[in-house]
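The chain that follows stands alone, in the form predicted alone, written as structure tokens.
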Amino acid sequence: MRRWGALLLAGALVAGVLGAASAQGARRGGTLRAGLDSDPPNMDPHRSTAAVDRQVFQNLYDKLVDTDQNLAIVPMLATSWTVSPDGRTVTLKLRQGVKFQDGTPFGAEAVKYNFDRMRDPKFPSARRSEIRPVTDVVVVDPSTVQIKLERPYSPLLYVLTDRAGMMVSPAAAQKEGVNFALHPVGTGPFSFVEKIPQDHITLQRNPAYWQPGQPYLDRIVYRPFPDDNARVANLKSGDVDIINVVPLPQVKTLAQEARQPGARFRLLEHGAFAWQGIWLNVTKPPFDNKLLRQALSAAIDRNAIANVVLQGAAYPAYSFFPNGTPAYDPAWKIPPRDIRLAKEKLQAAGHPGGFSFTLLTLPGEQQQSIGQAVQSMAAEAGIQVKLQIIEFGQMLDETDHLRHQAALLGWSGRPDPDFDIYPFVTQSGIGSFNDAGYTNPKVQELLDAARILQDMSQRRRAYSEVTKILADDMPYVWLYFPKEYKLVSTRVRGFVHVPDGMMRFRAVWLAP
């Protein structure tokens, strides 16, 4: 984890090729079946706001740069990069000879098009807040681009390891417009075949992929299993080969089963990288009243959720920064559950008898268990919680348009702390990530300042100050940091479990 703070832009001149799992003994062919926790809503990386979309994107699109299993930034479509002394120009040298899956060439013009598309105010881009400091992208020559910034922007390279760095085909995007998600085209190791909503997504091997000999698989079929038990059962039965989300209450049992002789699956684990909690819509009743937000927070026992409901497979949360990540502050203390304080807040808010609200949750055993725990805890303070289970795509539509009162929804986490917090509590994220509709000028000022700073200790101070403000304003009730798990068939070889939880299958192959 210590190396994250040293991987900022200053002095970053990196060359070489993206590391991959050893190909020794790899077999070509076969179809890998991946079970997902929900149906991916949007196949356009510039519009996507769902973590589950990114599972498919890892194999459909290449990024300008990527992260390895140590979360170090490594080359991908960009082979090297330099930063000007004033920190306001980043020059990328691009890999040559790469083509999009529609046969059109990748190069500097394509990179410029992608940035212009994400920055276009007429295009419904979810990436705008991530690349907000970018003022222009200049084509120097066919394999060189310069990214111009209004100010130094320390998170930029890490931003480019995710959806903002995923390059879409300009020809396909211009042809399809906002419907590009129905016919997505990237440069990745697998190309899009079809998506049948709520049933499957199929990708097939890209024979013109730039990495010689890869990928090994012929196809990937993604299938959604919103029900936790169904997802695990399909892995155990061999109907799928890997699942992206392992239900935390089942981790202990699954770990024991995986250790048994002859077990047909492995359980892989990393530390916490994501966060989970409850978005409170501050733009409408009841949570436009800060005292009611504080009352709900005081009624929640975060330790019980992490250690009892989730069987110790998570940490209790009190910030947007999980344990062990660069901005985490070990001085933060989890606030104890305090029913007396909750009732005092209700009294001060003019609701001595409590209040009621609807909490949106997703299908699945784990989500329902968390929702029911919150419901029970809140009831002891006189707060009545109505649980409403909705499908993931509908959840995003409700929260993005701020039609909800509260929603149990989290974030998959990022290597740089900026994108674990910035779009969620600033104006730029309203309509995509800021599901509270929350703004605060001091928070905006502090987070803008953190984007300029190169030193992580200085950035951490800014994040700590923001955390104190948010702990009082309470637009989001932090609940827990889930540990990262994958359940994988023993047939799957060459899979590297990266802490970000994204499943990269370029170097994966299937044993007989």
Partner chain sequence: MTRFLARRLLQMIPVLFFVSVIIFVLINLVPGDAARLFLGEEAPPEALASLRRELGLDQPLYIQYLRWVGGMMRGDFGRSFKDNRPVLATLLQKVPVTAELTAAALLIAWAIAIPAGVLAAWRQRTAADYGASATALVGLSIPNFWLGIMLIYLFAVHLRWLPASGFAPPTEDLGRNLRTIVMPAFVLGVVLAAVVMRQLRSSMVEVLAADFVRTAQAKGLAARAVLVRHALRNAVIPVVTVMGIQMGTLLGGAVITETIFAVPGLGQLAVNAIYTRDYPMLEGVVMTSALAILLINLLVDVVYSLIDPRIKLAGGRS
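Computed from a predicted model, the values in this text were never measured in an experiment. Numbering follows the first chain given and starts at 1.
From this point on, the text means the form predicted together with its partner chain, which you will not see here.
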One stretch from 396-404, 84-92, 287-295, 310-318 that, in the model of the complex, holds residues within 4.5 Å of its partner chain by heavy atom | 396-404
Do Phe433 and its partner chain share at least one heavy atom pair within 4.5 Å in the model of the complex?
-> yes
Close approach of Asp116 to its partner chain in the model of the complex, 4.5 Å, heavy atom | no
Does Arg128 reach its partner chain in the model of the complex, with heavy atoms at most 4.5 Å apart?
-> yes
Closest heavy atom of Lys122 to its partner chain in the model of the complex, within 4.5 Å or not?
-> yes
Every residue in Val178, Val232 and Asp239 with a non-hydrogen atom within 4.5 Å of its partner chain in the model of the complex?
-> yes
Identify which of Gln58, Thr467, Gln444, Thr49 has a heavy atom within 4.5 Å of its partner chain in the model of the complex; exactly one of them does.
-> Thr49
Of these, Asp329, Asp199, Glu269, Glu150, which has a heavy atom no more than 4.5 Å from its partner chain in the model of the complex?
-> Asp199
At a 4.5 angstroms cut-off on non-hydrogen atoms, which residues of 209-231 are near its partner chain in the model of the complex? List them in order.
-> Arg223, Pro224, Phe225, Pro226, Asp227, Asn229, Ala230
